[in-house]
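Just the one chain here, the form predicted alone, laid out as structure tokens.
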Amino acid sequence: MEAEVVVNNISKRFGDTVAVDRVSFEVYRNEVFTLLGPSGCGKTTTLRIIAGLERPDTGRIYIGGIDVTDLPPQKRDVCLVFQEYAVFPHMSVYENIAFGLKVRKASSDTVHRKVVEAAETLGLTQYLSSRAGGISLSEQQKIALARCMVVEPRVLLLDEPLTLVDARTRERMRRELREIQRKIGITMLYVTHDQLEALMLSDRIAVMNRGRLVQVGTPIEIYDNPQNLFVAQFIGSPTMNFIEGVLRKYGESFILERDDLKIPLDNLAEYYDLERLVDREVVVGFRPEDSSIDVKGTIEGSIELIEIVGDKLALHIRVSRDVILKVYTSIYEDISIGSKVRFLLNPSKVHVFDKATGRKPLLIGAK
């Protein structure tokens, strides 16, 4: 695939704070690429560097194959939608959408045609004569999008564009935003702290933490195969289960030991080079859906809480003095609070991390 945006080893400091630390990635043409991470991780600073609002201390930015690092924002062929939308409340919706075109001295016919087309695409036709400050936040967000669409930028940059709307509206607008992107076929670079938003909208996700890029992949790759403990903890709702302990080897058997808890991990040796972690502190993680109640299960515990989650039950199972794990089972399972149960883990879905580095050991077959 052809790269529309190339970010090459950029860094940015503000005083003693390293906001962006040697970040590199590529955004392919017509894809939705999301920078995801907690507040302060460097994602918005990275976006502002791409937009030309901040200058990197090191590294280069390429858009459409051209080095734009030294170019001002207006010459980069990008358009940025801010979190606050920045509509002109005293102007009509039509005037707001047309603003960028008029600045570029487009003809009246061109302005009218593009404004009408964008309004139809975004469902704003009925509001064109309305004052922009008098309509809902979700419609104002569409105005900001339309104002970018009409100038036909090479790349659309969005910085937390759904933060100000309520949860129900945000869910609807995620779907609409994805539909709009597919309809107009534009390259979109999206910034958010909301992992559900990123998983729903993105073709690929770049997870950032403390100024660094920690993993890039499709939503499925990020969810199913987190490469480090931070990504595993940050992605998923409900969150992944984690068990900390020391990995021991007795004969040919691998055991995770933690106080009064011992969990056999022999079936993971097919997937991980566990020898590298023997006698080291590790963190074993698995998602609630990647386990199953089974009388032959290798982990036993007592049910402390039962939640109904759609067509499943989420069992909160205490397996040791200070470890409670969440396991999904059928809503028709005959169980109750206080019951003793055993459960199995799907070995292909269990994640093992070196606690000291936060990284996975090498997978079997990896070089």
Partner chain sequence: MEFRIIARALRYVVIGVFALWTLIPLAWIVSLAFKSYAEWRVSYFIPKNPTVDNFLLLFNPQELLGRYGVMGATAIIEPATKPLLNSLIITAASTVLAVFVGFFTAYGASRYRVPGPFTLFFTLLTRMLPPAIFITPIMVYYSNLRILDTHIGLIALYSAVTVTYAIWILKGFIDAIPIEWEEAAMLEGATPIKVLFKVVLPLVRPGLVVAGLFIFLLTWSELLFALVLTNINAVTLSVHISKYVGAVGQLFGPQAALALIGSIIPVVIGYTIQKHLVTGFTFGMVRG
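It should be emphasised that the depicted structure is a prediction, and the values quoted were computed from it without experimental measurement. Positions refer to the first chain, counted from 1.
Beyond the structure shown, there is the form predicted in complex with the partner chain, which is absent from this document and is the topic of what follows.
Only one listed stretch (99-107, 215-223, 262-270, 243-251) carries heavy atoms within 4.5 Å of the partner chain in the predicted bound form, and that stretch is 99-107. The partner chain in the predicted bound form comes within 4.5 Å of no heavy atom belonging to residue 282.
Using a 4.5 angstroms threshold between heavy atoms, residue 297 stays clear of the partner chain in the predicted bound form. Taking non-hydrogen atoms only, residue 147 approaches the partner chain to within 4.5 angstroms in the predicted bound form. Taking the partner from elsewhere, residue 238 is found to have every heavy atom lying beyond 4.5 Å of the partner chain in the predicted bound form. Site annotation in the predicted bound form: the residue of 78, 118, 229, 111 reaching within 4.5 Å of the partner chain with a heavy atom is 78. Taking a 4.5 Å heavy atom cutoff to the partner chain in the predicted bound form, the contact residue among 151, 128, 71, 196 is 151. Taking a 4.5 Å heavy atom cutoff to the partner chain in the predicted bound form, the contacting residues in 33-72 are 48, 51, 53.
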